[in-house]
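Next up, C-alpha cells for two forms of one chain, structure 1 and then structure 2.
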Structure 1
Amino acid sequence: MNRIALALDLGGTNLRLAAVGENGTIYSRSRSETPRGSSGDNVIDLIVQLAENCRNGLADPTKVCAIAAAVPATINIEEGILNKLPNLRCLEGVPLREILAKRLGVEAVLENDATAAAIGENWLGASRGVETSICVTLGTGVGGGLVINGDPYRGKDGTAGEVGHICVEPNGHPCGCGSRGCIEQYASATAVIRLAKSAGLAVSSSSEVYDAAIGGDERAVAVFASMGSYLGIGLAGLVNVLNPEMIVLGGGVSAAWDLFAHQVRREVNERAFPEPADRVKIVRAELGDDAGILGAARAVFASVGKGAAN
C-alpha cells in the first residue's frame, strides 16, 4: 500500500469522505447529511469526525499523506480560503485549508467540487484518455470543471469552469451568486423542484419529479425537457469557445438522462458551429458519487510533495 489521501466531497445535501489509494482504490468510507442552517464550525467538526473515522478504519493510518476537500465554492488559491458558496454560505471566508491541516495533522488541498469531478472522470471515468473535456455536475447546484490538454484548468483566480453561472435567461430567476437567469436556476435539482411546483406538482425532491415523469405526468416531462433545453443553450456556447472532445454530465439529476439528453444535444447541434458540435460527445458520467472523491484524491497525489497546494 502506497500513499493514501483522505478525500472529501462536500455537497449542499451530502458530505462524503473516503480514504483513497494512489491507484484509485477506496479503502474506507464515511458519509453524513450536510448540516443545514448550522454554523461553519459545525460543518468543519463533522468533516474532521468523518475524516478520523476513515483514517482509523485503515490497516495503516500512517499512510495518509493529506486531505483533499472538493468544495462547491470559488477558492482563493494562494490563501486556501473559500469565497462564494451559494449553497453553503456558512463557510464563506473560512480558511478551510489551514483549519483541516491543523486539526488532522496532514497537508490539505482544496479543489472546486466540479473540477474534482472532472479530474476524477478523466482519471478513471467517462473521459479517461480524452485530452479536452468539460464535466458538468447537476446536483443541488450546477458546477463545471475543465480539463484542457490533459490538465485541469482552474484559471488565474481559481474560478474557471463555473458553468452553472452562465446566464441563459437575462431577466430570469434570481441566483444565489447575485446574478439572474443562471443555468443553475434551470438545470439543478433545486430548479427542477421549483419548476415542478410552478407547474402544479406537489413534490419535495427532484427524484419525485423524475418518478412523476416516468409515470407519464406531462407536467413533469415538460420540466425535464425545459431543463435540457436551457442546459443545451449554455453548453452550445462552451462548445464554440473551447471545442471540447467530450462533455460529461454527472450529479444526481443526471439519473434523469433519458428525459433531457435529447434536448441538450438538439440545442448544441442547433446553436454551436457545425464542426465542434459534430465532434463533441455528450455522455453520462461513469463514477457516480465517487467522481469528486477520486478527483480530489488525484489532486492530492499530483501536488503534495511537489510544493503545491491548491
Structure 2
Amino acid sequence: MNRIALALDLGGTNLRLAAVGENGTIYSRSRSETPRGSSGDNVIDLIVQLAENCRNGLADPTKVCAIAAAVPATINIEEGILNKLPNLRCLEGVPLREILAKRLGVEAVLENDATAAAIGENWLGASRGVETSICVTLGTGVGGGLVINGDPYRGKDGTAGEVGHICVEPNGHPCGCGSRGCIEQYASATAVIRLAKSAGLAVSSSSEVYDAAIGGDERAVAVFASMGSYLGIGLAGLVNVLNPEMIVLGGGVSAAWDLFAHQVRREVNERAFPEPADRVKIVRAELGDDAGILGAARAVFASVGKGAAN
C-alpha cells in the first residue's frame, strides 16, 4: 500500500526529519539546528513544525502512517518516555511518543539512535541480508545497536547495545558513565582528541588528528592505532560471546577507517576464537547520517498496524 513514515533524528546538534517510503525512498526532508538552552516545549514545537513541513511536501500527505524518532536516549519502552539524554536534558522524562502521536495525528514510535542505525544498516546499508550484526557508532561517544536473528535486540529495559561501555582497561580513564576504561574512552572522537593532546598535538577535533596522521605525524598515527587496538579488544569479546556475522562501524570517527581498521582486525583475529573470528566481517557503515532516520522508519513500518507499539 506504499505507506510513508516521518522519521526524526533527534540529535544534540541537529533535528533532521525525512518522509520515508516502505522501500526506503526518501521523499522529502526538513532540518533545523537543535535549539540550545531551550525548553522541552520549544523543542517539541520545532519537531512538530518540521514534521508538518515534511508531510506537506508530499504529493499525498495522507499516506503518512506514523512518526518514528531516533533519540540519543534510553527509552522506557512501555511508556514511550525518554530517559538519560545528556545532550537534550530538556526532554528528560518527556512522554514523547504520546505527544508526537497526539500532535501529528498518527502513531508514534521511539527508538534508541544507535539501535536505529543498526536497523537502518541492516535494512539498506552495510549489513543488508545479514541475520546477526553489531553496529558501532564512533562519534562524540561510542554507541551500539544489535540485530540478532534478523530482529533488533533491545534488552529487557531497552538499554541493550551499549558497546561503548565495555571495559577494556580495568583501571583506565574515567568515563562519564561512572566506570573506568570503557571503549568510549579510547575510541570516540572525544578520546581521539584527548589522546592526541596528551601526545603533544595542538588539535581541537578528531578530523584535525586525522589530517595530522595523513600528513605523517607519527603521534597522530599512534593515536588511531591505539584507538583501533582498544576497539578491537572489546569487539573480540563480543565476537566470542555473540558469534555475529558482521560488525558495522559508523559515526564520524569511522572516516579514519584506514588508520585504525587494521588494528581492530588484528586484535579480533588474535583474541577471538578462530571460527567466529573468521566468520565476522568488519566493515564500514554505508548510510552515513541517514542510518538512524532509515532505521527508525523501518522500525515503525515493522510495528505500526501490528498492535505492537514499539
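Throughout, rigid core stands for the largest set of C-alpha atoms superposing within 1.5 Å between the two forms. Numbers given to residues start at 1 and step along the sequence of structure 1. These numbers were taken from a predicted model, which means no experiment stands behind them.
Number of the structure representing the form predicted together with another copy of the chain: That would be structure 2.
Please say whether, between structure 1 and structure 2, the C-alpha of A191 moves by 2 Å or more once the core is aligned. After core superposition, the C-alpha of A191 moves less than 2 Å between structure 1 and structure 2.
After fitting the rigid core, is the C-alpha of G129 off by 2 Å or more between structure 1 and structure 2? After core superposition, the displacement of the G129 C-alpha between structure 1 and structure 2 stays below 2 Å, so no.
Superposing on the rigid core, I want to see if G288 changes position between structure 1 and structure 2 - specifically a Cα shift of 2 Å or more. Shift of 2 Å or more: no.
Once the core is aligned, what is the C-alpha displacement of G80 between structure 1 and structure 2? Give it in Å to one decimal. Its C-alpha shift, to one decimal, is 2.7 Å.
Could you state, for a rigid core superposition, the Cα shift of A59 between structure 1 and structure 2 in Å? So the C-alpha of this residue moves 4.5 Å.
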